[in-house]
Structure formats: structure tokens, C-alpha cells
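Taking the form predicted on its own, here's one chain by itself in C-alpha cells.
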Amino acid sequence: MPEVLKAPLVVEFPFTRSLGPVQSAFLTGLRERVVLGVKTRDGRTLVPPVEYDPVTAEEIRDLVEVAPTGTVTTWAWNHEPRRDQPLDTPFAWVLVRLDGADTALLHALDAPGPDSVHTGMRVRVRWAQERAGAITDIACFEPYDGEPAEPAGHSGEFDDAVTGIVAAARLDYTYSPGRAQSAYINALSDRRTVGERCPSCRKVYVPPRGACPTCGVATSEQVEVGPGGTVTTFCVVNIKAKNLDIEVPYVYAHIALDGAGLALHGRIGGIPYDQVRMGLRVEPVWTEGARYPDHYRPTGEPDADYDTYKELP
């Protein structure tokens, strides 16, 4: 049995969000070392603030300042901080009910060890030295044994308010393609494309999934397909992707390789983008050392008849 492949995989992108008046005031306040909550009609103060009452769904805009000191309501110890977490040494995740608030705020607590943390302990905000209008303007909480701080009663009105944020979304994990796709990837290193045939409906799946999604039965019969194929549908890309050295416009297409029961996708090259069409016959173009085709180009054959690919997904 060939070795099943696995590799680390990172999915990362910047997430841009515009802010409404409540979140704008909250984040701008953090930049100015002010913690704001929002007061509901029944007198509760919610921190962090929300735009709608979670009980009545009523819109709420009444901002009120709370103290930067508070009480830990619950906690969990983090033995191994991960990338981009608030502290690079072990710390506690804590829910802190700030003085003047009725709900708790989640953040990190800088403490020497789990034995020094307990529910009910008093803490205060440690502000980041450089602040830009984000939750990270609170660097963390720290233990505090002084008197509760008194808020200044800020109105929530600021000059140069923060109206949007950009946050990095990142997911790190180890991906294993499984037996069927490991065989597919290994074949690509020999410049071959293989699929697997369903023993029931006889459809050849490329890339293989290890089972037929239509019949629900396992697949194991390996079938080599291509290398030529037919464009079944396509789209013209007009927006340049970051870190992708391809000039726009270019074409991505679904390509049904000869012998396959469904299409895979690939970039079309070697032809002006406005001449790509359904039925175009194409072949893979490999670059030195690549484990998959760089793109597909026209073979020069006559276009395939529509009836030969109209049922291919």
C-alpha cells in the first residue's frame, strides 16, 4: 500500500469589516484608553457592547464608560500560547466583568501560573503602548489589589473615529488527502492523471474521492485518463490575485479529460482569452519540476461535439 500523503496547510487572508456606530465608539475608545459599554432599556450595561439587545432585539445606542478594573468570573490556563495570541508566555484566558458592567469581556491575564489565578480575583487593564483602535489595544489584564477605578464618564464621542478594521484570519492544520487522492498526486509527479471507476455506475472520478458520491460505494479500480480533454465551461478572470503572477484577463475552465466522468478545473493558456470556448480541445502544459500542469493549451483538434460533454458536471 503506497504511503498516504500529509502536509501542513495554511489558509490565511485579511478580513475587512466596516463598523457601525456602537462598535466604532468601542474600538475608538480603546485607542484612547477608554472602555465603553452600552446600556439597555432595563438598565443593564453590556461590555463588550452590542448593537441590539440580546433579550429584546431592540436597537441600543446609549454608550456609557465603565472602569478598566474588574473581577474574574471564570478562567482557563493556556500552557502553550500560539501564533499571534496576546502573550508569548503561558497565560490565563479570563472572562472579566469590569466595574460598572453586567457582562464579561474575554481577554488574556498575565499571571505567573495557574495557582495564582482564581475566580473572583481582581484585575485591571494593561494598555498596549501603541494603540490603533482594536481589541489588541488592551494588551492583557493583570492582577490588581487596589481600589476600583472611577470612570470619567466619557460620552463616546471622538474625533477621528475608527470606522473599519482589517483582521488577519488564519487557519493552520495538517491535511491528508487520503488513499485515493494520494495515488492521484503521486501519478501527477509522473505527468499522468489517474481516477477511480465506480464499480456500480462505472463513472470515472478525477480527482478520485475513494467512494462514488452517487452510488455510495467504495472505488478502487484505478483508471488513467487524458492527457487531452475538452473545455465544458469557463470563466474570464479580470481581477488580479495577490501573489499570483498571471496577467489579467485570463481564463479558468472546467476540463473533462478523455475517459473521465466529470470535469476538473485548470487555467487555459496559449490562446487569447476571448477565443476560449466550450468544446475547445486542450492538453496539459507541464513546467520543469512541477507536480501538476501549469495550464492547458489548445491541441489544434476540431472542437468536440456538444453532445459528447453536455452531461459532464
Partner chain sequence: MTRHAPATARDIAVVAFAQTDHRRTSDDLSEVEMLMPVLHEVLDLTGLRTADIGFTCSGSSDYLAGRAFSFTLALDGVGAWPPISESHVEMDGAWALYEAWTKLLTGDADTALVYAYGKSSPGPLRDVLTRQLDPYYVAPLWPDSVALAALQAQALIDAGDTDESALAAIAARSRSDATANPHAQLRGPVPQGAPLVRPLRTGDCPPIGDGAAAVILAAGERARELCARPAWIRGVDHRIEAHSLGVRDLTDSPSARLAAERAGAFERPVDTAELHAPFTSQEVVLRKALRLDDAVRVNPSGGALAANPVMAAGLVRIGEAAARIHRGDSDRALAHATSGPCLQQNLVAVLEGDPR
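Positions refer to the first chain, counted from 1. Owing to the predicted nature of the structure, the values given are computational and were not obtained by experimental measurement.
Same protein, other form: the form predicted together with its partner chain, not shown, and the subject of what follows.
Peer 1: Would you kindly say which of R202, K240, R192, R209 lies with a heavy atom within 4.5 Å of its partner chain in the predicted complex?
Peer 2: Here the answer is residue option R209.
Peer 1: Check each of C215, A132, A187, V236 and return the one that places a heavy atom within 4.5 angstroms of its partner chain in the predicted complex.
Peer 2: Going through each option in turn, the one that passes is C215.
Peer 1: Answer yes if any heavy atom of P48 is within 4.5 Å of a heavy atom of its partner chain in the predicted complex; otherwise answer no.
Peer 2: Because a heavy atom of P48 falls inside 4.5 Å of its partner chain in the predicted complex, the answer is yes.
Peer 1: Since only the chain is shown here, I'm wondering whether A290 would be in contact with its partner chain in the predicted complex (any heavy atom pair within 4.5 Å).
Peer 2: Heavy-atom contact with its partner chain at 4.5 Å: absent for A290.
Peer 1: Considering only heavy atoms, tell me if N78 and its partner chain come within 4.5 Å of each other in the predicted complex.
Peer 2: So N78 counts as contacting its partner chain.
Peer 1: Is D145 near its partner chain? Define near as a heavy atom within 4.5 Å, in the predicted complex.
Peer 2: Taking the distances in the predicted complex, the answer for D145 is no, it never comes within 4.5 Å of its partner chain.
Peer 1: Quick check for you: of 154 to 162, 226 to 234, 169 to 177, 122 to 130, which stretch puts a non-hydrogen atom within 4.5 Å of its partner chain in the predicted complex?
Peer 2: Comparing against its partner chain in the predicted complex, the contact stretch is 169 to 177.
Peer 1: Though the partner is not shown here, which residues of 106 to 137 have a heavy atom within 4.5 Å of its partner chain in the predicted complex?
Peer 2: In sequence order, L106, H107, P114, D115, T119, I135, T136 come within 4.5 Å of the partner.
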